[in-house]
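Coming up is one lone chain in structure tokens, specifically the form predicted alone.
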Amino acid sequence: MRIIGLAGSPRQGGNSELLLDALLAGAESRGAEVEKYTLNRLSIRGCQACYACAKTGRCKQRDDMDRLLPALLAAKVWVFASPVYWWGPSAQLKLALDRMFPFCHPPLLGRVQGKQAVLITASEDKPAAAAPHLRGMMREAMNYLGVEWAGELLVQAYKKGEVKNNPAALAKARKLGQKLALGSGL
């Protein structure tokens, strides 16, 4: 089982990234091959709406999405981790999501069906108030691609590293990683 984690926080060691690390550690402890991309360290430009990818299956821009798209294709499970910004994902995660547009067109159309997706968020406010739009956006986007929703972990944590004081949330992340590695989510 191959699991890819996309850390969408601009803060290295931020709460959503710490939760992602716990999930990936749990998955690795059950034999999964894990890979993490810290999006803020990558050079990803915004989609130019040129539709070149609809013709070729490949974006005409040359940047770090050239590495990320094949890694997503190779993984069975995608874990998206992001703080909640204005009821949505971080700019870093949104850039990567927008650039996943080639999955909507031949020759990549259908190649991600059957994969699984997980969302991890950290928000200043309670997740019920802060995360419904991000959660809905992600679920609908994955549904559109034919990617199964396999779980979510929505945690209230604001100050950098605050989630370290929430052992229950970190344990949930590890347990979800273990379940994903064994082929089950939710």
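Each residue number is its position in the shown sequence, starting from 1. Just so we're clear, the structure is a prediction, and the values are computed from it rather than from any experiment.
Form predicted together with a small molecule: not shown, discussed below.
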Note to self: Partner absent here, but in the predicted bound form, which of 63-71, 156-164, 140-148, 42-50 has residues with a heavy atom within 4.5 Å of the small molecule?
What the structure shows: 156-164
Notebook entry, point to check: Only one of Cys59, Val34, Ala130, Ala117 has a non-hydrogen atom within 4.5 angstroms of the small molecule in the predicted bound form; which is it?
Noted result: Ala130
Notebook entry, point to check: Quick one: of Ala75, Ala96, Val84, Leu108, which gets a non-hydrogen atom within 4.5 angstroms of the small molecule in the predicted bound form?
Noted result: Val84
Next item on the list: Would you please decide whether Ser9 lies within 4.5 angstroms of the small molecule in the predicted bound form, comparing each non-hydrogen atom pair?
Entry: yes
Notebook entry, point to check: Should Ala27 be counted as a contact of the small molecule in the predicted bound form, where contact means heavy atoms within 4.5 Å?
Noted result: no
Check: With a 4.5 Å heavy atom cut-off, would you call Gly177 a contact of the small molecule in the predicted bound form?
Finding: no
